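The chain below stands alone, shown as structure tokens; this is the form predicted alone.
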Amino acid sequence: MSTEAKQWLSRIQALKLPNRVHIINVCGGHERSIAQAGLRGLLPENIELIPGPGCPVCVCPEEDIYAAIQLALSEPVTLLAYGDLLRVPVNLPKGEPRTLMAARAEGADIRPVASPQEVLAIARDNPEKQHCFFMAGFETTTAPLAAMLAEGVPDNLSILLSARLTWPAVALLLNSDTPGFDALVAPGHVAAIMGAQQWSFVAQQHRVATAVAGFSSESLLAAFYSTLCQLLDGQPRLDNCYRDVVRDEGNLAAQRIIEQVLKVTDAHWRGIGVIANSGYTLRDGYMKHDARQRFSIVDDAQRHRAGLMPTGCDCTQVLLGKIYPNQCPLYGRSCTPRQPVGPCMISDEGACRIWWAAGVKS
């Protein structure tokens, strides 16, 4: 641990805190940094760090994954998706392909990719074939997708979009009867795009201590210290502890591109339900690249009904910050990274996968 991190830790340990303080982090990257650095074990015992809904793959609705599977199996198309999505299961009878990886084993042309630039290169290098980019992500990955579309893409590339905005999920928690946390650490990469001020509503409207953090131990500990001081002072506010990357207004150019290409709509989050103004769809000028318009993708109402977590899986409660990953009855038993049941054990941004990788086995 660096000298600066130790200094922040000492400041936190010197605070005279109430019996119990709950700090939620929104970002899966934050949770990974916390786990890898062992910050939970270094902080005073009366500080609880709660992982929150910061995993876009985990909340990608079942009907979108099902649509991607059926598209890849029924159309002469190369389906491209971020690697984590290939292993997320949907609720289907045994014998039917439940994941994109299973569909690939049955002959579908499905390939993992790492970026929109890779998608664009594949489509341009193979002009004789249709390609579809199945994209699930938050604002950080949505901005490059919007930029790609704004710059122009070939006619043989379409988009199956499952993008989500981060702040509405936090607003949902705060508007519930039992939000379950006293302070919030806002996601640094999202704030770099959308601006730190997007999170001001947490402190102003809900009187919850708030700080934007980066991904180093130093930035995270500074954010924890800030929120704890806000609680002790009784003066919740928004504090930017990632100023070398995040501006109050964010990346205005990226915001303009998102606004140009996409429009905000109500969206379904797996296991949680529909959250108002929490998703993106393509604007009319880009609709010709919408896979739902180009191909015969049936929006099956049965998939909406079935789109809960698998039986016995408590991923929803983990995403809502109601339980820790190892409190799920399946964690480390029938659900492991080798044989995952729920999406939180699949994605690198899922809290269950992160805890398992950090050595928490039960």
Partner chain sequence: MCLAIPMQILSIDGTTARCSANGVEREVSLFLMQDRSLSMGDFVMVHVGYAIEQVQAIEAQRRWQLFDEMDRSADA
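In this text, all values refer to a predicted model and were calculated from it rather than measured experimentally. Positions refer to the first chain, counted from 1.
The same protein also has a form predicted in complex with the partner chain, omitted here; what follows describes it.
In the predicted bound form, L161 stays away from the partner chain, with no heavy atom inside 4.5 Å. Within this chain, A105 is remote from the site of the partner chain in the predicted bound form, having no heavy atom within 4.5 Å. Interface membership of R32, defined by any non-hydrogen atom within 4.5 Å of the partner chain in the predicted bound form, is confirmed. In the predicted bound form, the partner chain lies within 4.5 Å of some heavy atom of S115. Judged by heavy atoms within 4.5 Å of the partner chain in the predicted bound form, the contact stretch among the candidates 197-205, 268-276, 287-295, 147-155 is 147-155. The partner is absent here, but in the predicted bound form a heavy atom of I193, alone among V90, L262, I193, A169, sits within 4.5 Å of the partner chain. Checked against the partner chain in the predicted bound form, the candidates I257, L165, A123, M101 yield a single residue with a heavy atom inside 4.5 Å, and that residue is I257. Residues R247, G250, N251, L252, A253, A254, R256, I257 of 246-276 are found to place at least one heavy atom within 4.5 Å of the partner chain in the predicted bound form.
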